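First comes one chain, alone, set out as structure tokens in the form predicted alone.
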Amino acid sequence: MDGAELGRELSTAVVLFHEAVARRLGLNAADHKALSIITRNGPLPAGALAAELRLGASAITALVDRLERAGYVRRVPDPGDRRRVLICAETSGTPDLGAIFADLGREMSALMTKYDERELTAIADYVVNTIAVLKAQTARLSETE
């Protein structure tokens, strides 16, 4: 399998995994990734979430509305600026996905034992640079919309 084919296979596997996780939450993959950002970086204003996801204001409003209806986030007044609200993850009632990610972590850790330190360094370098390329390409594509 050549590099392009491997890239397509990896991309498909990652997207399908996140779609399966999202379905467990009753969400789509994009909403699940947004929830992940809110959980990791929140509370945050809608504008910051929009910038992170490279979405417009109306798309973010609809996304946050869906997450709020599902009980995963809530809007709260910003204590530093009463004119805006912050998006906060709502932890009560959220299904525990720890087991799913624990299983993934265990399997990935087992996989990593196949590689020596030099190979792991090369893999890490590849992943870091792949992320940078993907972020740059995402930014480029978002600018042309």
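Computed from a predicted structure; not experimentally measured. Residue numbers here begin at 1 and follow the sequence given.
Heads up, the form predicted in complex with the DNA isn't pictured, but that's what we're talking about next.
When contacts are defined as a non-hydrogen atom within 4.5 Å, all of Ala46, Gly56 and Val85 contact the DNA in the predicted complex. Among heavy atoms of Thr61, some come within 4.5 Å of the DNA in the predicted complex.
Taking the partner from the other structure, the DNA in the predicted complex has no heavy atom within 4.5 Å of any heavy atom of Asn41. Within this chain, Asp103 is remote from the site of the DNA in the predicted complex, having no heavy atom within 4.5 Å. Of the heavy atoms in Glu52, none are within 4.5 Å of the DNA in the predicted complex. Heavy atoms within 4.5 Å of the DNA in the predicted complex are found in one stretch of 32 to 40, 116 to 124, 73 to 81, 103 to 111, which is 73 to 81. In the predicted complex, the separation between the C-alpha atoms of Ala50 and Thr130 grows by 3 Å or more relative to the displayed form.
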